[in-house]
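In structure tokens, one chain follows: the form predicted on its own.
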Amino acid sequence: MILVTGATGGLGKLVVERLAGRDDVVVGTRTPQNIPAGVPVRRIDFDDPTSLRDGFAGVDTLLLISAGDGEDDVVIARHGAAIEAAEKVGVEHIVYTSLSAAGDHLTYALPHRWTELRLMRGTTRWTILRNGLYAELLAMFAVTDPGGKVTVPLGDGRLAAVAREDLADVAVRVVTDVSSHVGRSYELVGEQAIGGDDLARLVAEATGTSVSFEPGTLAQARASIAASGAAAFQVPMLVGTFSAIAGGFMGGTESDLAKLLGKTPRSALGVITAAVNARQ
């Protein structure tokens, strides 16, 4: 039996869609009422150890989708509890969605690296999917200010953004053939390194207006994010992401993505273009 955690999240939903109709799949979420009728579901709450023990019973392969953003100690506690429960009930293989190697420059890398080490030191077989940052993230910042400028503080940096659908496809391929991926870690970043100039061009094409890229400062971004109502821990996460991209650390495109997909990955620029056009 395969169990997918985080089934109502952005990546989890895509994975569940791709596994629909299989009789060996169950989905896990702390909000089972949000799962469509007819889909086998178990309540999985990373903050409730009982739900983990009961929810993982009888599971052979666990797709452990990272337990969401939070302070480092919260995320580590959640992942640790999930792995411990899986070991105790006899889960045979854990596939974990981690963060790309370039992500070591990000403020939220530590819980991912801790989880990788915990798996390697544990008693279950494991596979690690080191996911790059989503193209959908860049799409959120492909917007203009009142002066018609894209001001996201990326500097001259670029991001090897990856389509979330491709990451879902890879996760499905791995969890349905785990014996071929035992003890493997895969780098899953995009084939295109995208910068602020690309975002400005896409917005210009979608709107038929003149749009320039004039990156703002990190201080301006910090103030804007804080004023948006973001949680306190989210502010340095986003600012740190901008800083790492601007510093030139996130543009490397060496990846296992195409090999695992068995086809050419989706265009990150295409994903961003679709999102920009949908807003018009």
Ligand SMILES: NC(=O)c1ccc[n+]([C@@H]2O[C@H](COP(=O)([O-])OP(=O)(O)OC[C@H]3O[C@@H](n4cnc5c(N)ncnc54)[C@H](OP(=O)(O)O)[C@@H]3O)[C@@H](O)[C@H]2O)c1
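Note that residue numbering begins at 1 and tracks the sequence as displayed. Computed from a predicted model, the values in this text were never measured in an experiment.
FYI, the form predicted together with the named molecule isn't displayed, but the following is about it.
The named molecule is not drawn, but in the predicted bound form it has a heavy atom within 4.5 Å of residue 134. Looking at residue 45, you'd find a heavy atom of it within 4.5 angstroms of the named molecule in the predicted bound form. For residue 158, no non-hydrogen atom is located within 4.5 Å of the named molecule in the predicted bound form, even though that partner is not displayed. In the predicted bound form, residue 11 approaches the named molecule with a heavy atom inside 4.5 Å.
Segments offered: 60 to 68, 243 to 251, 207 to 215, 220 to 228. Contacting the named molecule in the predicted bound form at heavy atom distances within 4.5 Å is 60 to 68. Though the named molecule is absent from this view, in the predicted bound form it lies within 4.5 Å of a heavy atom of just one residue from 201, 105, 113, 164, which is 164.
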